[in-house]
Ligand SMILES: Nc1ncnc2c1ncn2[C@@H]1O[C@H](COP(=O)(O)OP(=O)(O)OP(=O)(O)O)[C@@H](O)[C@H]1O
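As a starting point, one isolated chain is supplied in structure tokens, in the form predicted alone.
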């Protein structure tokens, strides 16, 4: 579903990404981890069109989208959430999702009732009971679920999540993991950036590890966990000489 090939992003003399290659496949969660400043959000920005790469190519569902604007990529069923929470704070949870449903109806040939879809999404992300609360009055964890629900409104084929577990307690994190697993089982390709390593290891089929803009490891959760470079760069372990 997604292939970001040998992506470079250079700011002045500094490379935020260097020859980064990442793929995400249908019907699975793919993890993307690494220390702060490793380039994870920059890669998300390249994939969604918010940042032009210095070099490299992005294909989605077999189509080269490297030079397409962000809204065109969204119409190709690419959705994302942000590390810094982006919601309409004065609107309720239901209204946030409804806005996205109504916008989708403007460009998508669908006969679905936006209000019905918004209610279905509220149920799916577990927010029906607080659907009429303003998002500004919600704790961060619930507000992140609102942002996730809004992303689901476009029926994405590819969903990019930037630290969706931030602000969630342990029970909410378990629920999030179950939800993402179910979305993947429905056929969605999910690329997940998350600092909760236990969550990533539990629900991801493959994991990529970024460090200083480079992919230093890729494999199954077990392979990544046992990788000496990952232990040194991400987990803080020392690699024997």
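Numbering follows the first chain given and starts at 1. Everything numeric here is computed off the predicted structure, so don't read it as measured data.
Although not depicted, the form predicted in complex with this ligand is the subject of the following passage.
In the model of the complex, this ligand sits within 4.5 Å of a heavy atom belonging to residue 37. The closest non-hydrogen atom of residue 163 lies within 4.5 Å of this ligand in the model of the complex.
Among residues of the shown chain, residue 195 is one whose heavy atoms approach this ligand to within 4.5 Å in the model of the complex. Shown alone here, residue 16 lies within 4.5 Å of this ligand in the model of the complex, counting heavy atoms only.
Among the residues 83, 140, 110, 132, the one placing a heavy atom within 4.5 Å of this ligand in the model of the complex is 83. Shown alone, this chain has one stretch from 60-68, 23-31, 176-184, 40-48 that lies within 4.5 Å of this ligand in the model of the complex by heavy atoms: 40-48.
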